[in-house]
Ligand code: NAP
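The chain that follows stands alone, in the form predicted on its own, written as structure tokens.
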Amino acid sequence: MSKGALALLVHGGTENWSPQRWKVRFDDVCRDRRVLLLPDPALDPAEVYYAAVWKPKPGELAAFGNLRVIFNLGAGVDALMADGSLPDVPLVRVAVDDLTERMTEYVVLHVLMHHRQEPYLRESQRVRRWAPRYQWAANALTIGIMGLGTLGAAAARALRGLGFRVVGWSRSGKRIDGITCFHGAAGLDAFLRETNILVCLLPLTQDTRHILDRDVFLKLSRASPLGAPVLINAGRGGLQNEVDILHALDDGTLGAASLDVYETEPLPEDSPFWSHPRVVLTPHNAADTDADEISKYVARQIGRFEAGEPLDNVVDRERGY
């Protein structure tokens, strides 16, 4: 198989994720092939066999008739799946240990933050109030992980190791040692009834868009020392109904929320989330993966593909993840 070019098509991101920075990385790990940074007026589309992309605009990949694999540089592929002109070639998502470990750190951090009453303690420090509250043990809470793929399963195991009761829910059946797993529409209500802190790590698909709504929040368990359930969403912004979240926080249906993702990003300056007293807000950095590791991952996958070996982590287009 001849070595076709790798095209880079990157929109948005931090300085570390800039198109020019990606070009430097891929030039280093793909030294035996041309790496092209798009847009490039001199580009011959037939030369491109591979594309590594982040948030491409609809139709941008349709011109490459010899394209063989698309590599998404982030975990979520919903933006690509919404492109009706996307070439019918394997679409590979990122699944590197660094990403999984960083997401586990984020989930554990925010579960512990709410479990150990950190918002109250930091406010007490600010007003110089010495008024410690009773602190319950980890096994007093049940953490519900919504989405039991690589990221969700790793977070579930870590939380179980800290002594929390952990349950999980996924679209299809899963088995994880020490974790009670529910699945499908039939298992959702039972999962929610056991959950005190809901952690959402689902992919964004037609079936999961706005799944985090008032109906879900009302079914969460209130039988814990927290008093009211807590939401942690580090999946995708489109999973959450943001009006419902705000109303649920204001009327006590939810006691607190940690949000890393939003329907509009960057989060608009006039969003109520910025100043809401029950929201812990982070700027979509829960699993801000080492981009050097991603470029090495893509280069290894291309090497495997050209050696006739199967690609890892190919997206099922019917399911959307």
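Note that the structure is predicted; figures quoted are calculated from it, not measured. We number the residues from 1 along the sequence you see.
Beyond the structure shown, there is the form predicted in complex with this ligand, which is absent from this document and is the topic of what follows.
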| query | finding |
| --- | --- |
| Sole residue of M81, L249, V216, L202 within 4.5 Å of this ligand in the predicted complex, by heavy atom | L202 |
| Partner-contacting position among N241, T104, S224, S170 - heavy atom within 4.5 Å of this ligand in the predicted complex | S170 |
| Distance check, D88 to this ligand in the predicted complex, heavy atom within 4.5 Å | no |
| E123 within 4.5 Å of this ligand in the predicted complex, heavy atoms | no |
| Partner contact for T150 in the predicted complex: this ligand, 4.5 angstroms, heavy atom | yes |
| 4.5 angstroms heavy atom contact with this ligand in the predicted complex for A286 | yes |
| Joint contact, G4, C30 and R304 to this ligand in the predicted complex, by non-hydrogen atom at 4.5 Å | no |
| Per-stretch contact check against this ligand in the predicted complex, the hit in 107 to 115, 73 to 81, 159 to 167, 125 to 133 (non-hydrogen atom, 4.5 angstroms) | 73 to 81 |
| Stretch 236 to 273 - residues with a heavy atom within 4.5 Å of this ligand in the predicted complex | R236, D260, V261 |
